[in-house]
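As structure tokens, the next two blocks hold two forms of the same chain, structure 1 and structure 2.
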Structure 1
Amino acid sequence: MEPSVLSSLDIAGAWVSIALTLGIFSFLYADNPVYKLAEHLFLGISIGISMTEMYYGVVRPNLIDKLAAGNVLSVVPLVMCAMLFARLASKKLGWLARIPIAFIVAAYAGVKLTGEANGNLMTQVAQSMPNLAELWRDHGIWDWSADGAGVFSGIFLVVGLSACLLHFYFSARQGPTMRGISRFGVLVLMLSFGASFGYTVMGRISLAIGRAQELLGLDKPAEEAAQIHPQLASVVCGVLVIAFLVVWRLRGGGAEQEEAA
């Protein structure tokens, strides 16, 4: 199989990606124009892609194509879309925007309510009632190979969830037993919050690892990396970013931020 030959546009795009990555990392030093440029490009391109997908995936098939096919009822959402922009046209006509907003909120609430109840609430309630007999048959008391699944985990789930719910039962009399259950519920909550925070940090670290792999050329096949020269691009772009930051700093850049701090 012949190695793929990248075009000049692909190579230039890879260099721009590396330069923008280093521009984002420059925020670790200070909020500077390089970082702002990379941030604005990211936001602008993201919004542009979202608007394009929204047009071709929602507006065109559900409105324009239906109007072209002679669907008279499609005039109603068209008029409501126009009413949404009435606030921008005139302050006196701003009240017209409340009508489609009310329809959007009501429809979304109705659809979301049933979807949340069926997809999240009922599923969570069902998973909060583990089958202990099935857990004993499949995993016993504790199964290290199945990430701790077993009867102990099932009982701890029920007891911990009950303690968390009772912790928020403020109308109950706060006796010694209730206070002990409440403290155990707080402990379970702290454990769950800590695990969620740990997963969040791991996700951010994985993103940083992905950026580092791009800077070193480890995210591409060897033949493509040899054409892009990502390590050379990282050095060149890094030197340019550092040189710009030095000049920007010598010319008084960031002085207003330091005064505000």
Structure 2
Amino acid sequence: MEPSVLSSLDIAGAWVSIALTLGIFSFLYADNPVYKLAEHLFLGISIGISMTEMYYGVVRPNLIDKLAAGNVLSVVPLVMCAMLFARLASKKLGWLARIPIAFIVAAYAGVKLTGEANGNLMTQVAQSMPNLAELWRDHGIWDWSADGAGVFSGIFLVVGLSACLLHFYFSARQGPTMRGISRFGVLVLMLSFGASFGYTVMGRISLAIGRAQELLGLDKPAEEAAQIHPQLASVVCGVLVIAFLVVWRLRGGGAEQEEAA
């Protein structure tokens, strides 16, 4: 790639990005106007973007273009859209909004009935019937080289899955046997929660690292970073935020929240 020369808008954008990142981080100290500013900017912009996206991505190609092309059937979604807004026009006509909502829910309920059952039930069941003989032949009891595949894993899969399923058996009083099964199911769930917790935390930390890299300018090509001076931006914005917080605090900001808490 050619070494690019960034426009002043791009540079300003990068600075704003750093300033807002620090603004959000200021929440670590307390809920404060800088954080609120960042939060509201974020909210407003996101709504603006999604409105535009919706229009160009969904409404225009699926409705307006089709109507313009003379597709008569497209009047149906148009009318349904209009019905959704009936409530705004008058309280008495508010019930009209229920029709498109009911349509969406009902249509998807129908589609999902088989879709969900297939994806979440049938396929999973089919894939949870390991051929133990084959596992034994290929991997033995436990195969370190294949992520622990083997007969043990196969049995553990079936037993653990069954126990978890039975843990969610709601309509029976639990006798000692059921309690035992349920306890094992809980154990399996806890194991998986632990694994997933660790996995997700790792993901979050990498996100945090990403933010830090941006603040330090490590996420951009060197030539871009040289134009933006991200480290300078971080220091300047950081000082500004801290200075603001000090002034805000000295003028009595945040006192009411502490009282409430």
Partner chain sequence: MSAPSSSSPPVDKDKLERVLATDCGSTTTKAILIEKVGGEWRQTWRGEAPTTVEAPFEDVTRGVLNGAQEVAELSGRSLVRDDGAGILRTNGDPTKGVSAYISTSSAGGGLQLVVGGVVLSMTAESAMRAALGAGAIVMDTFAANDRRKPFEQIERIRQLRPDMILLAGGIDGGTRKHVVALAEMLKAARPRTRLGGGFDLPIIYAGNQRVTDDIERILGEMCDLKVVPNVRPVMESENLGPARDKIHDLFMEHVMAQAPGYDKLMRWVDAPIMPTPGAVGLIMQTIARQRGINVLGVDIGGATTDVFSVFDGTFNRTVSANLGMSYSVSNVLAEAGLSNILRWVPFDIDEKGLRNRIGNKMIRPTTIPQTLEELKIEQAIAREALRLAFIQHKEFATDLKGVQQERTIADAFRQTGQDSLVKMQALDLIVGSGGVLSHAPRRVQSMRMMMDAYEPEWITEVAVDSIFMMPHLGVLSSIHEEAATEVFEKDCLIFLGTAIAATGEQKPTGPALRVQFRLPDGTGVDESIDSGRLRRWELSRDDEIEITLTPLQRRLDVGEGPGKARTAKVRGGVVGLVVDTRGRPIHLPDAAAERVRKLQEWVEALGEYGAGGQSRWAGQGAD
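Superpose the two forms; the largest set of C-alphas matching within 1.5 Å is the rigid core. Quantities reported herein were computed from a predicted structural model and do not represent experimental measurements. Counting starts at 1 with the first residue of structure 1 and goes up one by one along its sequence.
Peer 1: Of these two copies of the chain, point out the form predicted on its own.
Peer 2: Comparing the pair, one sees that structure 1 is the form predicted on its own and the remaining one is not.
Peer 1: Any chance the CA of Ser182 moves 2 angstroms or more between structure 1 and structure 2, core superposed?
Peer 2: The answer is yes; the displacement is at least 2 Å.
Peer 1: Superposing on the rigid core, I want to see if Val151 changes position between structure 1 and structure 2 - specifically a Cα shift of 2 Å or more.
Peer 2: Yes, because once the rigid core is superposed, the C-alpha of Val151 moves 2 Å or more between structure 1 and structure 2.
Peer 1: Examine Val79 after superposing the rigid core and state whether its CA is displaced by 2 Å or more between structure 1 and structure 2.
Peer 2: No: Val79 shifts by under 2 Å between structure 1 and structure 2.
Peer 1: For His139, what C-alpha shift in Å is seen between structure 1 and structure 2 once the core is overlaid?
Peer 2: The shift comes out to 5.5 Å.
Peer 1: After superposition on the rigid core, what is the displacement of the C-alpha atom of Gly110 between structure 1 and structure 2, in Å?
Peer 2: Reported C-alpha shift between structure 1 and structure 2: 2.4 Å at Gly110.
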